[in-house]
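First, one chain by itself in structure tokens, the form predicted alone.
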């Protein structure tokens, strides 16, 4: 058995808090309350079914997972005190912390947390009747034995009305599915405090999956007692995390209260989190912060200058840590399904031409586009992303993935090059003319009108790219899509030519960033192209990804192979990397750099380890603290890789 227990890093929590507390001393007194507004109401409190980030803002803080993270992204014991795996990493065994209690909303003990609570969770999530939005986490990346088979069987039984129907409700033929039982899922408890996960294939990154909501525990007796009422309100939940949901009044107020029986309560430094509903939160929170009614507010780009020039607020506004949980890229659609007026057949000829794609890639001034929402150029550069996998996302042997040989030059460079774009354009024009393409090539570029500034960004991109390549070569057509159901109506339906898309990480491995481009994807559909060269590229890329995915005992080799696959994607301009998430500017009396860190899962949503300060940081204070955090994280990663 390979021992996999990960202890705290070389820097202790106390040292880290001292180092990063430049935003003012912690509030005095024995009690602290953090006040803020929210505008998006929770859809469900059922953490085992939701895939909504608004919902997990609560569940991340009221339920604990097997593992947690320190402030630099190192995995630490949480409800699992220790763990180990077999040699090929297909069997993972966890020793559950004894003495942890399930409590009600008032913090009263109800029962013990045991290994059986994860068995119950796995069976619930993989029963299609519960329609879990995160069931895929049992069958993507880390594949739990028997999980997908049980899900498919229960889905078939529902659609076939327990095997009595041969067609579904839409009249489609149903293919019978072999019987599978919940007990066949590879999640078992060998005793009350020993939990075992059995996987279909080796998985070196399995620990990073375990803080995802669908891997949180649930008490079976309570779940059975509640039935369909489970998680309908704060009384129909039990809690084992840092907080309980003391008050739950939808569209009025949510109150998280420190769990008095929490196993690690010394690291819960804020006693209460008060969130008040306001549909216009984004418009009023800045003024409410200024008047002392709340402790955190976003400062929009149009307010930034006035706040920085106001003597009463200039020393409280600061930026935020760039969020590399999400990667944004412009995708070319290789299987267009848009209307004839946009000339889909002509687009097919163009998009399968390498020089055309390279011309588009080189013509896109990404910094100019980013500054629409991030007016400070230095901050715009901070969120610029040259690869699909963001920098500082994951490392092997102390080396960042984006610094592996195949990606190193791409990471250091800039795809925008107006002179190169013109050369690619001229070469493409000759080749495309011979292939029967007509000019200008219509480029349908939709946007979601409900996303702030996306329309303005599209206008900048249109003007800028047409300015480089000429309106006689391309005609970028910017159109608003629906403000609800945009993904289904536009991207998943293939009704675009060139559009900004994004992907969020699910676990700590480069494999997670390959998923938008695999066969039967609903991003760029390059696997459906009938062009010989495009199909050759897809086959080559798929082979590299498959080879890399099979490596589990040599992280450097695994990362090398994945980086070569990613470099092929970028160097052939199958997509154009764009940015990571930009969280903008804020005033806040907590320092998020003290909290858990991981660019996937729920770590960034947790308040554990954070403390309430007397005042918000200034821009200089935050920038200094962020640099100290980066330096300390680099040191921590180097230490943990030894």
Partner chain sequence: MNYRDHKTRQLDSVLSEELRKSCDPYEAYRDLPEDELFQPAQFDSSAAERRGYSNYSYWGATLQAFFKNRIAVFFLAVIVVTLVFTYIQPLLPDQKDPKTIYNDASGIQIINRSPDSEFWFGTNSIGQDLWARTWAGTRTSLGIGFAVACFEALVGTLVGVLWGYVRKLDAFFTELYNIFDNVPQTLVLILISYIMNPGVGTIIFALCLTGWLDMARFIRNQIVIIRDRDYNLASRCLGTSTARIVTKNLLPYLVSVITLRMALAIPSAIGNEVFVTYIGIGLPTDIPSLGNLVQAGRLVMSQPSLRYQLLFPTAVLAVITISLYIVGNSFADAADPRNHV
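Positions refer to the first chain, counted from 1. Keep in mind that this is a model prediction, so the values were computed, not measured.
The protein also exists as the form predicted together with its partner chain; that form is not presented, and the subsequent description refers to it.
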| item | value |
| --- | --- |
| Any non-hydrogen atom of residue 481 within 4.5 angstroms of its partner chain in the predicted bound form | yes |
| Proximity of residue 375 to its partner chain in the predicted bound form, heavy atoms at 4.5 Å | yes |
| Contact test in the predicted bound form: residue 283 vs its partner chain, heavy atoms, 4.5 Å | yes |
| Residue 302: touches its partner chain in the predicted bound form, heavy atom cutoff 4.5 angstroms | yes |
| Partner-contacting position among 571, 542, 463, 533 - heavy atom within 4.5 Å of its partner chain in the predicted bound form | 463 |
| In the predicted bound form, the residue from 205, 447, 473, 404 that sits within 4.5 Å of its partner chain by heavy atoms | 447 |
| Residue stretch of 197-205, 183-191, 473-481, 98-106 approaching its partner chain in the predicted bound form, non-hydrogen atom distance within 4.5 Å | 473-481 |
| Whether 306, 368 and 371 all lie within 4.5 angstroms of its partner chain in the predicted bound form by heavy atom | yes |
